[in-house]
Every structure is written in C-alpha cells, then in structure tokens.
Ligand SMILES: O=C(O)[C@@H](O)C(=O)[C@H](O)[C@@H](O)CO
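So this first bit is one chain, no partners, the form predicted on its own, shown in structure tokens.
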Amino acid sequence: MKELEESGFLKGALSAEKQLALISGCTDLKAAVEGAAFIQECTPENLELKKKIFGQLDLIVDDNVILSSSTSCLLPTKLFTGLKHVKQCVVSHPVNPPYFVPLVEIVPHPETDPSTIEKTYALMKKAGQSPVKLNKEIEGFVLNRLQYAVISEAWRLVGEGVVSSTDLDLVMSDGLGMRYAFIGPLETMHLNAEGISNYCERYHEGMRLVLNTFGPVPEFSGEIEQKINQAMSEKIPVVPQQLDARREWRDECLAHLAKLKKQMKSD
C-alpha cells in the first residue's frame, strides 16, 4: 500500500498509514463480522468450503448485512440456496489483479433482493471499481465465458499448426487487445461500420462462414498441451523467480494502463 501511495495509485482519501490502521485480522468469525454492513468472502474456489462459511455467517448476521462471494465460477444457486438470508446474498467477482483491473461482476441468486444488487453496485463504484450487473446467473458468468471462448479458439489454432504459440499471443497483445483495452466487441462492431446494423449487413455471411469452421471444445490435454507448455516455458521458465518477475511486469503494465485510462476518462 505504501508503494502504491508513492506511485500515485493508492485508492481512497486516506493515506496508506491510516488505511492500514483500519485493517486487522481475526480468527473468530463472529467477532470478525461484528458491525459489518458488507461481507466479502475470499476463500479458495471450493464449493463445500464456501457453503460452510456462508452457512456459519447465515446464523450470525442480521437482516441488513450483504453477504458477497468472490467466486469466479460457482453459481449463486449452489452457494446460497437454502440460506435464511438468501435475499442478502450476491456474487461480486473481481478480476485479478483487482487493484489495477477494476471490473467486478455482480451476479444475483434468483431470490436476491434488488436492493442488495443496488447497494453492492454503489459500494463497488464508491471503491473505485467498475461493476457490471448480470440479470441472471450463468456458468462462467460473463468474463470467463468470453475468456474461455478466446482460449478455446487459441488452443485450436495452435494445435492445428495454423500459428505458433508466441505469434498467437501477439495477435491478442498487439492486435485485438489494443482496441479491447478501451472498447468492447460490440462497440468495435459499431465503429468498424456505419453502426451495428450496417456491420451485420456487411459481414454476417463472412462471420457465419468462419464460425461454422470452429471445432469442438478442446480437451486441454495431451500432445497439444505439451506443445503449448513447451513454447510458454521457453519464453517464461516455470520456476518461481521467473514467474513472479513476469507477474510483477504484468502488474506494472496494468498499472500504467489503468493510469492512462483514468486520465483519458477525466479528459
């Protein structure tokens, strides 16, 4: 937090020292959540563990506390169904690393009260995040469904020998990723023609032709896995020091991008 403060990336009105003074640890769940208005569960991606935590919280909290999970893919119906306070439950899925990637997917349980969604959305906005509301739950939510679609086709293209692993990543980092850092796929369509309708009129036949050639969902194992693993390991050896250094570089890049996006929004 002090490093973030020195680099100008610390969020909030308080100094790092004052923020740190407000953070404490606790091994007793009841004491930890006493007086809370919003509880964000961040345990490992294990359904039974998360259900156990929310089951315990359900016996402790009152009717005003929001119970939120950081899960990236576990459905709210699997986490919250049967809880006494189910109307106060919601998934608030952040994106790694959340300090520089502000998106938060807010995913309701079918019984979640609309006010829970609105309060969670307002809190995330106040914290400097970019929340989006899903109208209903779906496997993978939105971010991972889009991400897995890209990964799946990337895997097929490399596996079929169309392109190397290194060049595949370059297509994203120096191609699609450049525009997607600021606008999404739907706005890209809108701007690449005279609006969405004109884009569909121009390109729908070509898109369908290409999409119909997509193969089945890959197994993500076997010979292709070995091929891609070898290529990635040559670029970034699978040793802690090398991986940590690359992650640090990634986060530094994201920090600069976040700063640029913030400046452009203010302009």
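Since this is a predicted model, take the numbers as computed values, not measurements. Residue numbers here begin at 1 and follow the sequence given.
As for the form predicted together with this ligand, it is not shown, yet the points below apply to it.
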Can you work out which of V86, I117, V95, M189 has a heavy atom no more than 4.5 Å from this ligand in the predicted bound form?
V95
Quick one: from I106, L123, L168, L143, grab the residue that has a heavy atom within 4.5 Å of this ligand in the predicted bound form.
L143
At 4.5 Å between heavy atoms, only one of the stretches 171 to 179, 192 to 200, 127 to 135, 147 to 155 reaches this ligand in the predicted bound form; which one is it?
147 to 155
Considering non-hydrogen atoms and a 4.5 Å limit, does this ligand approach T81 in the predicted bound form?
no
Classify S72 as contacting or not contacting this ligand in the predicted bound form by the rule of any non-hydrogen atom within 4.5 angstroms, answering yes or no.
yes
